[in-house]
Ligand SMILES: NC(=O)c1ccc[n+]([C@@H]2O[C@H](COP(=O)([O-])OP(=O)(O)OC[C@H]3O[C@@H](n4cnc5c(N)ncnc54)[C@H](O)[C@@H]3O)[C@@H](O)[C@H]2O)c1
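What follows is one chain in structure tokens, specifically the form predicted alone.
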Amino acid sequence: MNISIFGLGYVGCVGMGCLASNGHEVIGVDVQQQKVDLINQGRPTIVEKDIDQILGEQFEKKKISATSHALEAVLATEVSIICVGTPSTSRGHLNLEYIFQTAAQIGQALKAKNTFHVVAIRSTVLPGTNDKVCAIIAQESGKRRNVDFSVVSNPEFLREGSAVEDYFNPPMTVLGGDNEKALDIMSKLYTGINGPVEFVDIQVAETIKYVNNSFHALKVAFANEVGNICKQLDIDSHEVMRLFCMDRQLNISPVYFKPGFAYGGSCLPKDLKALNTLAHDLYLESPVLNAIDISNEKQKNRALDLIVQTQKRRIGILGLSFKAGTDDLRNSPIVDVIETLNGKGYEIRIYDRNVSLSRLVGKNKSFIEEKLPHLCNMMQGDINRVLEWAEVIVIANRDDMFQEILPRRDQKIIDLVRITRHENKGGYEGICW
């Protein structure tokens, strides 16, 4: 396939070499003549492991070239990949000026082209950028989106120092688009790449890179705070984190990475508080660890706000324990929400098939007696009595039986755990989806 790459910096240079080595003909485009000249000498524009050898080999095979003229590149190719920079502004926003300038250049070039053209955004951009790029290309070219051209969001996941290895072995290739022909063309670019291709909504593709990098930054800060505590106690922090990383069932896994309600139970709140207190006693600042509980409390408040905003007074709660399959009420986040609602005069009825007040003992019993002394008046033994009575149904844990409920048409459903069967119903609202 013939491909043009706009922007011959880090992502563009690596992409050019790797695409060419997979058999494609690649033309690079850049406003800096020095970069154009380097490519036309078979030399890289960056320092990166293996890319000099790849570009040299592909230059000898006449698979790569570069130009400063967008028209020449677009007319000679079927796909244009945008890899220009998106630096931060002085206020922390992304500067998308180069993206939009490139879109305008591609649009002007498409005036002279009669065949379908695919534009892929490889640069890291904000959600909504794909639509803006489409609008610019349509305006400049007079062509129609998804008829004469289409724009696909295709974020990269390359690390400096191992970019070539990452290109050929990505965790996944993400393609966000709304045109099957364009997505099919783009998927063929990645034939032979060792990793799955994920077809997603455009804005999902535009968002994922920010989530990835923010989490990577969080991991660095988290590990450093753990290291600071360990150093003060003369503990080998690297040995601690080596053990941490061995746990692929919970620590490094999909577990807990599902947007929803706050955490609770007997372990997470207690142990987080203990580690924060230990850091405080050692005169260490641990802002990441401190912020975890603050964020968790705000998620409880978010659930409360969703209930209050319904302007209904009869609230049915499905699930009282902190997770399904247990009767553990200690630090169950829905208990705090119920306590606040009760204090505001709301009528509340609760169903949880795993919770029997007569069987509660020890700290589990003392916790709930302190928080909700009148819980016995709220608990119901029949889920249907709650469903028939309530104006608002709040689903608070993942008990399988909550998948089967049949709410009335006039009932609001506030879902804190994502029971997907109910999402298309009129009164449905998820806490963070």
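Start at 1 and count along the sequence shown; that's the residue number. Keep in mind that what you see is a predicted model, and the values were worked out from it rather than measured.
The form predicted together with the ligand is left out here; the points below concern that form.
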item	value
Gln105, heavy atom within 4.5 angstroms of the ligand in the predicted bound form	yes
4.5 Å heavy atom contact, Val337 to the ligand in the predicted bound form	no
Non-hydrogen atom contact Asp30 with the ligand in the predicted bound form at 4.5 angstroms	yes
Touches the ligand in the predicted bound form: Glu156 (any heavy atom, 4.5 Å)	yes
Partner-facing stretch of 263-271, 342-350, 297-305, 118-126, counted where any non-hydrogen atom is within 4.5 angstroms of the ligand in the predicted bound form	118-126
Partner-contacting position among Phe199, Tyr190, Phe222, Tyr98 - heavy atom within 4.5 Å of the ligand in the predicted bound form	Tyr98
One residue of Ala20, Leu416, Ile413, Val11 in contact with the ligand, assessed in the predicted bound form (non-hydrogen atom, 4.5 angstroms)	Val11
All of Cys83, Thr86 and Lys209 with a heavy atom within 4.5 Å of the ligand in the predicted bound form	yes
